[in-house]
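In structure tokens, one chain follows: the form predicted alone.
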């Protein structure tokens, strides 16, 4: 498997940092791989730009910063505008299709783009707040980076007590959609 660099971008309150933490935890604690997480966010609690950089590797990671991600996950139009140009050619873009328009910025050559109506799925589950779990499931389903079991254990270990069932349902909704998704 080697090394996979992932950048997740969106707005504060969308669960961007939590998503990065879950991917890293799934890799390092529940899949026995190496992982790093770098996070960046604005001073506002909600609504400001934020991002998470996650590196997953089979060997120790000497440089944790993600310059040109293999996988870019975006939850907002601004995150797409900011990070899409840095995506590796032949990389993978996963995006919230009701918040991001691919027509806004060209993608590097060979990029495969996969969209999901994650916010709508979260609302159908009764809590818009689980948008990030839908996206983590989507990442798991499309990339097949780690086992679904490792991701599910990381979700349960990372969410507040009493919300595990809802968060797992959201994760599974995204995962199921991702396993059958074809690039746009």
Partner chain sequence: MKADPSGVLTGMHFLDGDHAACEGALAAGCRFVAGYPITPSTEVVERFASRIPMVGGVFIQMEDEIASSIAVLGGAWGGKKVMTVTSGPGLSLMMEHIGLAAITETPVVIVDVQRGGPSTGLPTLPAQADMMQVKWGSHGDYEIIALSPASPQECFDLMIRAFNLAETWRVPVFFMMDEVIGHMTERVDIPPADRIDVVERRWTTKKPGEYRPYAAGPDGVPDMVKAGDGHRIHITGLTHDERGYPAMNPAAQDKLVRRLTDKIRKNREALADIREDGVEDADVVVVSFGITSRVAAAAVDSARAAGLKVGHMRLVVVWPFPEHRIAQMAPRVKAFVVPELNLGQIALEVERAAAGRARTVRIGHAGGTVHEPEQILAGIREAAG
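On a predicted model such as this, the values are computed, not experimentally measured, just so you know. Positions refer to the first chain, counted from 1.
Another form exists, predicted in complex with its partner chain; not displayed. Remarks below refer to it.
Novice: Tell me which of 124 to 132, 111 to 119, 139 to 147, 27 to 35 has residues with heavy atoms within 4.5 angstroms of its partner chain in the predicted complex?
Specialist: Among the candidates, contact is made by 27 to 35.
Novice: Does any heavy atom of residue 61 come within 4.5 Å of a heavy atom of its partner chain in the predicted complex?
Specialist: The answer is yes: residue 61 has a heavy atom within 4.5 Å of its partner chain.
Novice: Please check if residue 21 has a heavy atom lying within 4.5 Å of any heavy atom of its partner chain in the predicted complex.
Specialist: Judged by the heavy-atom cut-off of 4.5 Å, residue 21 is in contact with its partner chain in the predicted complex.
Novice: With the partner left out of view, is residue 48 within 4.5 angstroms of its partner chain in the predicted complex by any non-hydrogen atom?
Specialist: So residue 48 does not count as contacting its partner chain.
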